Ligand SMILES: Cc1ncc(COP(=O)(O)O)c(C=O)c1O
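Form predicted on its own, single chain, as structure tokens, below.
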Amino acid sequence: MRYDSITEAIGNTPLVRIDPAVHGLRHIDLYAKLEMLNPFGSVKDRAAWNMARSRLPGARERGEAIVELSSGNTAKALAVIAGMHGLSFKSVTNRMRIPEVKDLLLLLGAEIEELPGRSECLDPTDTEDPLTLFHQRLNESGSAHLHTDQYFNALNTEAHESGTGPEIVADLDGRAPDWFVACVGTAGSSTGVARALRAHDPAVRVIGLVGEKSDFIPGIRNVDEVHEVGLFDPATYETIESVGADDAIDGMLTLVRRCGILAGPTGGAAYHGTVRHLRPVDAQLRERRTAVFIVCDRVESYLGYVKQRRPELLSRPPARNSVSALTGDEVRAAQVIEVADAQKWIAAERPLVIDLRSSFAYAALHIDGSVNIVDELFDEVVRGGLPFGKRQPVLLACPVGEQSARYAALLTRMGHPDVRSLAGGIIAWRDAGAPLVRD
């Protein structure tokens, strides 16, 4: 197979049947759509090329840079495309949480700008979020950028409506699957594929998967970020279910070790969520059915993510003091303090206030006198033991109070007698009109 350009190799990815001995479903044939085999390594290759290609000649003539709000696969694909066409590329995000992806973007010549956004996923309804303000400026008339705008650009969805979805039907001998299960990020792939499949058979059931509350699975919104904005429309999905980071890693291990599919954690989440959803349905079936999920990208970029959460998988000793070892009961039992009570406590007891947000968010606004220890760094510090004396009361704060509650539970388990989590986080503090300062 010969091509004149690497972009001609985008699409037409394999549909691979998963051995029933692996998933255990008796009446459902389960298939993985291997979008990881696109030339730049992910499902986002389709959207990136579809959003950019018609505008590339004009952008080059005007000397524009391609800009996208992305910290992952969309940025990677656009960086390659930009370089191929003599353009520069800039990735804007609130935080690059996968070091391997950040290093690869820099290797590809990308410029990275990290702004103090409040969530991983753009929320255009939050008009005070720096990411939102930046997004608005990019869309102003006269902007000297080629803004691909993956959260709102219909060409993102169209790439999958005209490509990924019809390919699935063709590979199933002209039939649509009974179920299509997709992780929800920008919602471009799940929406586009759903439209194509339902155009062929309106009875197709579409299941959306998101991360559990305040959990982080690369490329997936969590339940706090599922906003009805941009390309996301809840009516696309029969149901939306959550998957945990450990579930994603377990699913990834199954695909990697038992199926020979070198999937990343997003593909693992898709596999785990699919089997979990279908297992009770399968028990009631008496005839064959078909289900498809997408493997978005490859495992190699996420070894650091795996090492942080499951070090034993890489022959490293399990972390003694880690939030991943907490039980749900321990997290629910963590001491949580409301904003008004926290203000009184700070005035009376002068606890050490630790802000777990990114340095950019901290610089934008923070509680006066607090110290900034980004959650990943705090996690490393805590693994060595309590980082402060037990006589020192501690107040932990994060964006919405979920991550800080986990660390409060962990420090309590380690023997600290007085550590509390700020209920609702810095956002609740701000909304209550409590004072914040800026660096």
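Start at 1 with the first residue shown and count on from there. Keep in mind that this is a model prediction, so the values were computed, not measured.
In what follows, reference is made to the form predicted in complex with the ligand, a form of this protein that is not presented.
* Asked: Within 4.5 Å of the ligand in the predicted bound form, heavy atoms considered, which of G273, G163, G230, P218?
  -> In short, P218.
* According to a 4.5 angstroms non-hydrogen atom cut-off, is T148 in contact with the ligand in the predicted bound form? -> Output for T148 is no: heavy atoms all beyond 4.5 Å of the ligand.
* Using the partner position in the predicted bound form, report whether G208 sits within 4.5 Å of the ligand, counting heavy atoms only. => Result no; G208 lies far from the ligand in the predicted bound form.
* Asked: A77: heavy atom within 4.5 Å of the ligand in the predicted bound form?
  -> A77: no, not in contact with the ligand in the predicted bound form.
* Asked: Hey, in the predicted bound form, is F180 touching the ligand, heavy atoms inside 4.5 Å?
  -> It does not: once the ligand is placed as it appears in the predicted bound form, F180 has no heavy atom within 4.5 Å of it.
* Which of 82 to 90, 293 to 301, 357 to 365, 238 to 246 lines the interface with the ligand in the predicted bound form (heavy atom within 4.5 Å) -> It is 293 to 301 that comes within 4.5 Å of the partner.
* Who in 33 to 62 is close to the ligand in the predicted bound form, meaning a heavy atom within 4.5 Å? -> Residues within 4.5 Å: V43, K44.
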